[in-house]
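Taking the form predicted on its own, here's one chain by itself in structure tokens.
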């Protein structure tokens, strides 16, 4: 009997659980270790903030998925791997033995160079932490006397989607005293996206009254302001951090080969380059052919990961996976409007939001109870 432990309930592992439910791995005992009983689909988070979805509409039940798959579910965090003994070390003090392990744990918030971030700001990651804190932040805005300033540190896709969603919610609730500001190091938001899409995003930010302060590097946070590298300050009644993904510390500390940022290096078979009995996918993985940290690639890695885990447990040949060169990005801009980008092509409109809404709901329905 082989022992397979899935570490984390990310988008790729959701596919693995579905594959197990459809056809169990022969002579294999499978265990999932995750700190949460559900997996919130990040693509629908802006819609929840805007008020278009209930949080239940955006979440997959890991309890239900593991039950259907015949998988043991241990609700705790992974604190490391004992690679010599073949054990997953858990935050609850237990050690789970394995012959093979697969890692699809969420990344940490990137707080590098941000003094006071943990004390005075709300990171978007982990998503469960943000989901728990958002209602309180919204209530703070409702009850605030005078102008309420919410600053979002970051100017990538996640930061913009958050800003548009929050502005939509503020407008819907009549919170005209709430002000949103994006602070980022790039001259223009959405660096790396097509020029026309970046220009459209800048126009939408201006139309909705969301300020973008570019070429600014935040180095410190206090309860009522942000400190910039040039010595200036930005007043803030609340601060959110959408600064991208950072690797958790335990993979490198466990002895797995990682890239310079600490993400697990895997080959085209999705096996660790240093320990082939460990697999990784999603944001925690550094693919042989590098790709951005995006839910798009985490979802796409799911089926090949499931196939190779089945193959390795059953003594069969594994198949390499080549991530697609281009990915479709659909970015919500609030008010049931969205931007789309594919390579150098971009477009926008209410129809793009309907397209995105349909894709997101089908994803949830595919794996829902």
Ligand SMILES: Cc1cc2nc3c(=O)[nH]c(=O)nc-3n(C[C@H](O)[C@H](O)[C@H](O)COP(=O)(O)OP(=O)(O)OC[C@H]3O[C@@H](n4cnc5c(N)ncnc54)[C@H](O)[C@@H]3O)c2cc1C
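Please read all numbers here as calculations on a predicted model, not as lab measurements. Numbering follows the first chain given and starts at 1.
Heads up, the form predicted together with this ligand isn't pictured, but that's what we're talking about next.
For a residue to qualify, one of its non-hydrogen atoms must sit within 4.5 Å of this ligand in the model of the complex; none of 149, 181 and 357 qualifies. Although the partner is absent here, residue 16 is not a contact residue: none of its heavy atoms lies within 4.5 angstroms of this ligand in the model of the complex. Interface membership of residue 278, defined by any non-hydrogen atom within 4.5 Å of this ligand in the model of the complex, is ruled out. At the 4.5 Å threshold, heavy atoms of residue 42 reach this ligand in the model of the complex. When contacts are judged by a 4.5 Å heavy atom cut-off, residue 274 does not count as touching this ligand in the model of the complex.
Checked against this ligand in the model of the complex, the residues 107, 156, 86, 262 give one hit for a heavy atom within 4.5 Å, which is 107.
The partner is not drawn, yet in the model of the complex one stretch among 93-101, 70-78, 264-272, 231-239 has residues with heavy atoms inside 4.5 Å of this ligand: 70-78.
Taking this ligand as positioned in the model of the complex, the residues of 15-43 that bring a heavy atom within 4.5 Å of it are, in sequence order, 33, 34, 35, 36, 39, 42, 43.
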